[in-house]
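Only one chain is included here, represented as structure tokens and corresponding to the form predicted alone.
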Amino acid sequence: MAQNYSHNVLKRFLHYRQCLIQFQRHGFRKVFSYSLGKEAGASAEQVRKDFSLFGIKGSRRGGYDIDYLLNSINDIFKQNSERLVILVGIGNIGQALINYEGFKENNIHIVAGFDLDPSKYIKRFAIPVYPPDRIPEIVRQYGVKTAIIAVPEISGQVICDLLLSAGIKAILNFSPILLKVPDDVIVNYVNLRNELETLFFYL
């Protein structure tokens, strides 16, 4: 079982990766912890501490090799292997996720979508769309462990329970509801309204 790391640590690694890609695009092959930290909004000490958690090593004089860092971070997030996801809810958010090119760039593939609306089954989407009762079948077929929920609040927990019974262990939830899940299931929440409310508060 993977060791548990705080959400903030993992988010920092994603920021590090973004910054490293930018350094690479500008022709850099090496980077120092203070340079990376400055771009990512962290201290040099924090960068070194984060890297040490995963056994990532550099040198005080030579810094870190950028290719080595990117490969190490990709290994952490299993980017070097195909990562499969299913999507429940083919509304506006669901369709935007289907068409998001960033997933493909990071080896994330939505293999199937599910919706209660029969008209969605015959429309031409980039992925096949099925009724929700086929979730267990598709999960078994592809060995999927991760799902995205993008359904209205009233359906959120029902869909979650169906996913759990099919063997899903990680959920990205766009539905505006706190899901009830067992301790061994991971849920990340994306609530656009709350994110905007936070911005208004700081304004």
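For every residue, the number given is its place in the sequence shown, counted from 1. As the structure is a prediction and not an experimental result, all values here were calculated from the model.
The following text describes the form predicted together with the DNA, which does not appear among the structures shown.
Comment: 59-67 is the region of 59-67, 138-146, 161-169, 174-182 lying near the DNA in the model of the complex, near meaning a non-hydrogen atom within 4.5 Å. Not one of Asp75, Ser81 and Asn107 is positioned with any heavy atom within 4.5 Å of the DNA in the model of the complex. Within this chain, Ser6 lines the site of the DNA in the model of the complex, having a heavy atom no more than 4.5 Å away. The DNA is not shown here, but in the model of the complex it comes within 4.5 Å of a heavy atom of Val31. Heavy atoms of Arg17 never reach within 4.5 Å of the DNA in the model of the complex, leaving it off the interface. In the model of the complex, the DNA lies within 4.5 Å of some heavy atom of Gln46.
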